[in-house]
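Just one chain follows, in the form predicted on its own, and it is written as structure tokens.
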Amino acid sequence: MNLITALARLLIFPGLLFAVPAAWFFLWVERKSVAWMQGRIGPPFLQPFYDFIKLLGKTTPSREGIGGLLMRAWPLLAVSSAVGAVALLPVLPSSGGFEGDLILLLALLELPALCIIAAGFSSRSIFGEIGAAREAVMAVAYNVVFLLAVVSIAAAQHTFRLETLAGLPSTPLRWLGLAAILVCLPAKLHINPFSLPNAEQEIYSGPMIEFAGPELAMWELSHGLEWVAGTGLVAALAAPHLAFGWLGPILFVVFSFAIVLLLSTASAATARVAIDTSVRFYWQCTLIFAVLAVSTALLLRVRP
């Protein structure tokens, strides 16, 4: 990948110019789907954009010293990492990439969660610290499953290059790994039944409780970008969009939209579960599922 291609992917498509409107759109789809499931009208189409602009115009509480600097830095780092993750997705045919870019994508996908944990503890609020602790526990629980599922897909097809993986035919093992990734996405996106770090009825907004104005706007944008990156990863590995040439991006967006609808419907149909139940679910149930995929992938890899 040369410098011009890298900048185009980061700033234009599938990066910033595409990812930010897509983030607002996916946030609207999530809220509208939940409203529809609950028999409500829901927000207008441009509501996430209006909310973002409104927060940008509000005043941020003044904070002195290194604490205030960190409170401003965490949301910006989360947004930057999420945009970088989206830019790595293999959407266009012959879009470049490099060997091992899947590993970089996984690292960028994990940064927003780490920023949320750090932000909660930086806030010096008991509610923020509880939310950060919950986020840390959940991250340890679901990330083992998430990472094993991705590694199983890459190991089974002998490559950690995203464009190569997206262009290879699907196998039963890939679908097994994708199912495990889908099960992890609700926890990664903080939606029911795993919306524990930001449980409003218990700890108000959790790690976000001390954030306001432009800082909170960046957190909302980061959340939307995580929707784009998480669903985009599944769409890139599940939909054969690269085989359709320049129509591939349309198929990619449609498939991502379908995943958003699926997750939003599941969120509206379930209630929040306790943190011990969530951890037990990932470690006792889904972990077996992911370990099975990894074991099968390794057996296929060493078979003559």
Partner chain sequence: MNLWNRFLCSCRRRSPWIFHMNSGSCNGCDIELVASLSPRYDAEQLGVRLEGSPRHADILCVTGPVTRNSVGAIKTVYGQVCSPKAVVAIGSCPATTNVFVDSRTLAGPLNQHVPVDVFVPGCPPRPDAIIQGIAKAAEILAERGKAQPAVAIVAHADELETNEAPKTSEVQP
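Residue numbers count along the first chain shown, from 1. Keep in mind that this is a model prediction, so the values were computed, not measured.
Quick note: we don't show the form predicted together with its partner chain, though the next part is all about it.
Annotation: in the predicted bound form, residues 169, 172 and 195 none come within 4.5 Å of its partner chain through any heavy atom.
Contact between residue 129 and its partner chain in the predicted bound form is not found at the 4.5 Å heavy atom cutoff. Though the partner is left out of this view, residue 69 does not reach within 4.5 Å of its partner chain in the predicted bound form, counting heavy atoms only. Taking non-hydrogen atoms only, residue 47 approaches its partner chain to within 4.5 angstroms in the predicted bound form. At a distance threshold of 4.5 angstroms between non-hydrogen atoms, residue 212 is in contact with its partner chain in the predicted bound form.
Judged by heavy atoms within 4.5 Å of its partner chain in the predicted bound form, the contact stretch among the candidates 153-161, 134-142, 216-224, 102-110 is 216-224.
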